[in-house]
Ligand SMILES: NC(=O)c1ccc[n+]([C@@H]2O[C@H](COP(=O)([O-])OP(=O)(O)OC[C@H]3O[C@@H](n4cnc5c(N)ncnc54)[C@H](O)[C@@H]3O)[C@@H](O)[C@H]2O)c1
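What follows is a single chain, given as structure tokens, in the form predicted on its own.
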């Protein structure tokens, strides 16, 4: 991305202190953009973990979140502690910032949590989106919405393309697809320019969402066997955070991204067993235990990234064997510096 110069760009990241947001903010600033982060620090963030009891990962995740906030401070990226569910407060905040690009990241980030608590998911995912869209309408802004590969439902064929019919399963996928339709409607009614991105199976440094790769590494560091839902043959298009951020920067920088939907993934599915095998290579002696498969989890696979390659010049560079090994290396360094976070957990009878 050496040819990208974002000087003069003003970007607001709603939900921007999270895993994706802080990584994106740091990259945008390095390319010359002016970035403001808007976040309530409640969803999968400081507020959520500060108020829990008995979670063995509490100290670890609070450390990781505070590291994210420190990185934002060092980069002199303003953090506006605002609840995006409050329309008036969000509207005033965005009016003060005057961004030309708004990236909507505020959401419940995990399908299992969404299905267990649909009210909270609607509140933090759909209501925040509605408010952000309404604050942006009537102005010459570019609105970037974070959807998900879950909108497709069960995958068919070798690779799903953006124009394939969507049949989401469960609360999470349905709300993401509903969000896409609302974004497109604001374009139809108010002329608001948009880009919709559909990532898949993200992993990388400073995530606290307890996605499968993260759970594998944390268990291995504690000497706990891996747990896989199903027989391990389920395939996901695992995507390293640096590749997603590259795609998002291109979506912000390129006019070709306007009013388009893009799959932003690595572009090649790998099985859970293949991911587990990388763990076993890095942590000899760790075994895999198989559990019943979640019936609400669609059968997924590869997302076609040909459209993003063609229109944006997207070029992901981190297959699982490269990106996941880097991620493991980061965790090992964290465990060396903070061994107290990875003490073996007591086994209860």
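Numbering follows the first chain given and starts at 1. The structure presented is a predicted model; accordingly, all values stated were derived computationally and were not measured.
Below: the form predicted in complex with this ligand, not depicted.
Residue heavy atoms within 4.5 Å of this ligand in the predicted complex occur in exactly one stretch of 196-204, 212-220, 249-257, 275-283, and that stretch is 196-204. Although the partner is absent from this view, residue 134 stays clear of this ligand in the predicted complex, with no non-hydrogen atom inside 4.5 angstroms. Among residues of the shown chain, residue 85 is one whose heavy atoms approach this ligand to within 4.5 Å in the predicted complex.
In the predicted complex, none of the heavy atoms of residue 238 sits within 4.5 Å of a heavy atom of this ligand. With a 4.5 Å cutoff on heavy atoms, residue 146 counts as touching this ligand in the predicted complex. Comment: this ligand is not present in this chain, but in the predicted complex one of 262, 152, 266, 172 has a heavy atom within 4.5 Å of it, namely 172. This chain appears without its partner; in the predicted complex, the one residue of 312, 33, 43, 60 with a heavy atom within 4.5 Å of this ligand is 43. In the predicted complex, not one residue of 290-308 has a heavy atom within 4.5 Å of this ligand.
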